[in-house]
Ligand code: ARG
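Listed next as structure tokens is one chain, alone, in the form predicted alone.
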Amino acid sequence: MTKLWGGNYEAEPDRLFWEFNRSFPFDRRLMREEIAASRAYALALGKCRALPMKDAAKLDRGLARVLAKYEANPAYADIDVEDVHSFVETRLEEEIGSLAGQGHLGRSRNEQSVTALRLFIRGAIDDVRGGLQELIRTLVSRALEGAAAPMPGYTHTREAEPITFGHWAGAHAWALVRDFERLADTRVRVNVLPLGSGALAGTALPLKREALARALGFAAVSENALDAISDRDFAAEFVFVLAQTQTHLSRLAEDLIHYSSRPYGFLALPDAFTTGSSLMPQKKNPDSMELVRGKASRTTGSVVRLLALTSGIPVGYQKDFQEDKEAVFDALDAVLPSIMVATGVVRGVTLNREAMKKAAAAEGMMAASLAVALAREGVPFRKAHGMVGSMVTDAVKANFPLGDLARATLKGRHPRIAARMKDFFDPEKAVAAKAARGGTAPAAVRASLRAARARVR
């Protein structure tokens, strides 16, 4: 048992408790961040003359060798240590001797842990934003291809009004744009240096914390040491944004699953992202999208896990905080692959424009446009709404085309509307009429898509 404490203990920890207490099996994932922070801290000790500069440089070189050996040989990590901090110091002592302990001068694991986690999340934010950028660009590209392709739009899972494929894909793109921007906003609060806070009261060393922050790429330093080592808001906020992102990916996946199914047939998923059945030879199952949809439960669970973890505990570092990392890791491990898989599916989807257009031509979906046209002719809208609703009911009862029935009904009282009935029931003209900003008219869709693409440059 290699540990960084124990001078006042006469016996070793209980073996079962030792394993229960160890975090190295999972916090080793912070190795690069831990060593980066330790190297910066060692040099800061030299610059403030807490250590001779030659000793600080020796610590720095030794830490670099530890990281190189860790990355080169998986077996290098096979030692019985408590956490990533213990591992680094143990291996550093093998490299440079007892000077390794000086790297901990004035420093607490409380601040080490939260510093490494902030560095990790900062890098993870950049990775997720990079993935989202590619997915959004892919959605926009495919949406531009189908900017004028009519398809049904739905509310309450029922046919509502015709839209275009570009309008549908753009809706998903804009949701992800918000996630992209939320991550940038979260990064501001993540990018604050806690190192130099000590265990809770700050440090007695003359460290230049602003210079240390610059060395590690932080934009600011924490203003209260006790808060700095207690704060996990940044982790909860990051995981919430991941959960929101996964929710949006889940909705995209749900649409792709349904629109590629037999009753719809609007599109086909690429074979490379489907699987077959062990019994039924005809099957091409949308497993990729079902997994993306399913992983939303994991990210939501991680949010609840972090909020529950941090509620009701006193200010200051508590061992409870050891549980923060796995919630972060698990959410990230759900979201990043989901983004990559969704990008591949969107890129490879093939559209069945004829099926979409045929479904978009369902007469019931033109009822709203007909009611608006009557209102523009001077009929109070609520009355026009009732008139068209009655025509819909009569057409269904008589099993008669709504357009023909409406033409006959309106010919005497509203001849101009009756004369334009063919236009009202043409899905391409129906979508072209929604030309206001944000609408489903092809020109409006293209403008919206260009704006989405610009937001993620």
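What you see is a predicted model; the values in this text were computed from it and never measured. The numbering used is simple: start at 1 and walk along the sequence shown.
Keep in mind that the form predicted in complex with the named molecule is not shown, yet the notes after this line are about it.
Residue contact with the named molecule in the predicted bound form: R129 places no heavy atom within 4.5 Å of it. In the predicted bound form, R107 stays away from the named molecule, with no heavy atom inside 4.5 Å.
Heavy atoms of D27 reach within 4.5 Å of the named molecule in the predicted bound form, making it an interface residue. Looking at T186, you'd find every heavy atom of it more than 4.5 angstroms from the named molecule in the predicted bound form. Heavy atoms within 4.5 Å of the named molecule in the predicted bound form are found in exactly one of 107-115, 347-355, 269-277, 293-301, that being 107-115. Though the named molecule is absent from this view, in the predicted bound form it lies within 4.5 Å of a heavy atom of just one residue from Q322, T343, Q133, S141, which is Q322. Though the named molecule is absent from this view, in the predicted bound form it lies within 4.5 Å of a heavy atom of just one residue from H85, R209, H172, R91, which is H85.
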